[in-house]
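Just one chain follows, in the form predicted alone, and it is written as structure tokens.
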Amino acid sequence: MKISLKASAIAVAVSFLAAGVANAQNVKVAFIEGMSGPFGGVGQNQLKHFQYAAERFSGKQANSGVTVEIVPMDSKGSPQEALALLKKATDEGIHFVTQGNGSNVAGVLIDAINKHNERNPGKEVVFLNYAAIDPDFTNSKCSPWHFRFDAGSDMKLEGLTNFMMDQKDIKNVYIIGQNYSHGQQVSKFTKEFLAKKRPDIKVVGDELHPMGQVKDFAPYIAKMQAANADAVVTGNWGSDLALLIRAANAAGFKGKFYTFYAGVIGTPTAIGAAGADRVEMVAYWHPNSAQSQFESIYTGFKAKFNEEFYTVAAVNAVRFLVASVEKAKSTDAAPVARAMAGMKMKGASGEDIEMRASDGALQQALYVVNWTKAGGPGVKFDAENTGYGFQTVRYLMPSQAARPTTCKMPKRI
């Protein structure tokens, strides 16, 4: 009798294991990003974010039958290379891709994915955009296959200029950016919003520079000083922002910088003590937010890689993908896209976030933060062992950060 019961128990266990294997779903995501070239360090850091997110929020560790596998593909930051890699991914049967560093790359990927999906019903691809924030992607160029997990530059500048309009010491603003769609949009919306909110502010400089090619920003800083700029608005990221701020510190420039990406790898070190209380950033999360629900993710990532964790969009992309596969009960792109549209969950700050179905833009909170000495109230964590970190100076709930959309969404398959 004991032997019979033991055999029966083993048979039941084996059947459960077999069922688990049958129900297990492995989802490959092509990470098409520049992991070499001028911004290669940023791309490599973002890859670690996605790998860490997949480890924490899929498979056994997440108590899910859906396991996300990140497949790195180095585009070298080139739109042409990215298109070739997209073809490689689809040839290998990968139905999900992610990219973020460069709206110039994201734009060609969106267009190529739309065409691929139209020509290949049943073999569609979904684009999980984690950082390309050209507002056109969720307005005039919106697509049922594109989901953006960052906040658009229009959303960020709405929040940033709302903060700037209350800073009475701002008189002269200098706008500088990388010469591609993101930099152009930052220039456009900064001028538009400031004209409405603070018409007394003068824009004393507005220029674009080659992306990833400027090695010495001293001439640009000299122009800012000559124009008596007391504030600089820039959408620069990676080495273009780090070198810009280094040049400002070296020249003794005293104006404030209003940025999007001061937390990106290498930039906190460039800011250093000389930038204390002179660098502001608009972001959808930061480690010192009082509402942060992701502290263990921040500390765990830093312990594993000895690098800063800051791209919550990578985590949310994985979370939404896993939840959508579970809801759709499929790893096919079309049902997953339908499941993701309109999906809601808790965000990194404990707020309710929603993947807005009307345009594929994640609705989430925004922060304006100030670079200041760590250890004081509201600055528990420093960045890159500098002794300085970001402190919240303005918090906007998702409803306050939201922007209307002109998207006329094509019907989802």
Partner chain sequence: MSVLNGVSYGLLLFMLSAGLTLIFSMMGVLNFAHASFYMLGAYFAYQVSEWTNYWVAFVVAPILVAVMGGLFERYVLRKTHKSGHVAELLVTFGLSFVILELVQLIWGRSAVDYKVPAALDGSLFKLFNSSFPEYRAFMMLVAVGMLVSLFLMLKKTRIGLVIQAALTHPETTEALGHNVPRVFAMVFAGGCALAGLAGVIGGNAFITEPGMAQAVGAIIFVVVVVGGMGSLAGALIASVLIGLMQTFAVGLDWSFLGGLSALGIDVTPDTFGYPVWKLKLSQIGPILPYLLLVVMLVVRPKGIMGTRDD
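Quantities reported herein were computed from a predicted structural model and do not represent experimental measurements. Positions refer to the first chain, counted from 1.
Keep in mind that the form predicted in complex with its partner chain is not shown, yet the notes after this line are about it.
Figure note: of the listed segments 264-272, 110-118, 82-90, 191-199, the one touching its partner chain in the predicted bound form, with heavy atoms no more than 4.5 Å away, is 264-272.
When its partner chain is considered in the predicted bound form, S289 lies well away from it, no heavy atom lying within 4.5 Å. Taking the partner from the other structure, its partner chain in the predicted bound form has a heavy atom within 4.5 Å of a heavy atom of E207.
Under a 4.5 angstroms non-hydrogen atom cutoff, its partner chain in the predicted bound form has A251 among its neighbouring residues. Within this chain, S78 is remote from the site of its partner chain in the predicted bound form, having no heavy atom within 4.5 Å. Checking H182, H95, R246, H146 for any heavy atom within 4.5 Å of its partner chain in the predicted bound form turns up a single hit: R246.
Residues N228, S239, A242 are the members of 227-242 with a non-hydrogen atom no more than 4.5 angstroms from its partner chain in the predicted bound form.
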